[in-house]
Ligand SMILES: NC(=O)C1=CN([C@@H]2O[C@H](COP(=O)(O)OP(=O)(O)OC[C@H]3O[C@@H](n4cnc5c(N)ncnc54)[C@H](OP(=O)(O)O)[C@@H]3O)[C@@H](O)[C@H]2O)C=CC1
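Shown next as structure tokens: one chain only, the form predicted alone.
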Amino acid sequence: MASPQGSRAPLEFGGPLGAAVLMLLLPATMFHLLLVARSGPARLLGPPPYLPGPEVLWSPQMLLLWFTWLGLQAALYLLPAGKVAEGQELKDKSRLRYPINGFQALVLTALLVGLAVSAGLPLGALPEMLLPLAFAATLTAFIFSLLLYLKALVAPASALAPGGNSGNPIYDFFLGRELNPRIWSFDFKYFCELRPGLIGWVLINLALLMQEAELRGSPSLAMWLVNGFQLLYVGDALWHEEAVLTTMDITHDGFGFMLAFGDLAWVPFTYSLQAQFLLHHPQPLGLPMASVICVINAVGYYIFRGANSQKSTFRKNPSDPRVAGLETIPTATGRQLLVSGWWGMVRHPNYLGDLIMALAWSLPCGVSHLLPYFYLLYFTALLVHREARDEQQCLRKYGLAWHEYCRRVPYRILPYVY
């Protein structure tokens, strides 16, 4: 089916058929991981121990709990705390405004959860609710995506995303038609990007740690490492929340099932896989090996944060003393491409740091099972695919300048390998 944008926006993810397959495969994979993580064999590639029936998945109480969580995060989003930042320039030359208060939302959530636990909230019981909660999140993602699709049908052409306007309802439902769906100042995509899923992820991790303490007397060193590493990652993302305004998710992709399901369901229920595994399959971990794993995570975080901070500083102010001496390539758009510093090492050094940290999150789970390494395998595939999409966008945007950048920086993610 021809796209209204013509050749500028080729269909991605295998077109309508690929989108349909992914809408079935992603939820099925998430539920498979939830089931096998608690099973004895914990085989990533084996069948699940059982297929849950409707009575296991559907729970009005869990649906209410899920909506309560979303409501809490929405209320924190609306609090007049932190600054307000402007996003990238849109087709109509306007700029949307976004509240930068994600880290405050994380801190306030921690305080509220702490008060609730001290008042008797059995947070350690949360791991037993993951299946119906994941079902509630998946159901929410499907219904929410349908509403977003219907809303986009009456949106002006200037509000549509570059790639989600193919004319095929399955593909557009998956990728998302509208770039920045809002009701008044409440931006749905921006809200979902970092708030309920990421904060929910660390809350699930904490609940798994508390249940392990109840079962075994104290949390294991491996569980402490996984919780600490992933809390650092989430805290960093929310502390640097403004940086998300320049990412592909915000500037290019529409808000449809792909991002809605990913943000609301996939992130909290699959990214907590290592902690889920450790609860049901405790692993011995000595201080020497723990120290090595901490060093690996620190190296990954150093690369990740250094690369992202350098890019963010350069975009805000190329004359900043921290980046003023870096070599650049001019482009026809008037922007400069960094060709030294972190971005002269590989084209996506932040992805390299991400993958090193993903390895560090999996190593506390030992090497006897492949299951805890699912995140590393999945994230490698995701970043390689994302890098390829980004390459195509940069080529269309910068033309000959991008060819020169690729000649100067031949490696995409891993130096001398890829």
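Predicted model, so just to flag it, every value in this text is computed and none were measured. Sequential numbering from 1, following the sequence displayed.
Same protein, other form: the form predicted together with the ligand, not shown, and the subject of what follows.
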Check your understanding: Is the site here open or blocked once the ligand, taken in the model of the complex, is overlaid via the site C-alphas (blocked: 3+ ligand atoms within 2.4 Å of backbone or C-beta atoms)?
Key -> open
Practice item. Assess the spot marked by 66, 95 and 135: is the ligand within 4.5 Å of a heavy atom from every one of these residues in the model of the complex? Key: no
Revision key, fill the gap. The one option of 406, 394, 11, 20 with any heavy atom within 4.5 Å of the ligand in the model of the complex is 394
Check your understanding: Of 190, 149, 229, 343, which one comes within 4.5 Å of the ligand in the model of the complex, counting heavy atoms only?
Key -> 343
Review point. Might residue 315 be said to contact the ligand in the model of the complex, defining contact as any heavy atom within 4.5 Å?
Key: yes
Check your understanding: Might residue 336 be said to contact the ligand in the model of the complex, defining contact as any heavy atom within 4.5 Å?
Key -> yes
Review point. Do residue 248 and the ligand share at least one heavy atom pair within 4.5 Å in the model of the complex?
Key: yes
Practice item. Mark residue 38 yes when one of its heavy atoms lies within 4.5 Å of a heavy atom of the ligand in the model of the complex, and no otherwise. Key: no
Exercise for review: Pick the stretch from 365 to 373, 350 to 358, 30 to 38, 50 to 58 whose residues have a heavy atom within 4.5 Å of the ligand in the model of the complex.
Suggested key: 350 to 358
Point to revise | Residues of stretch 281 to 310 in contact with the ligand in the model of the complex (4.5 Å, non-hydrogen atom) | key: 304, 308
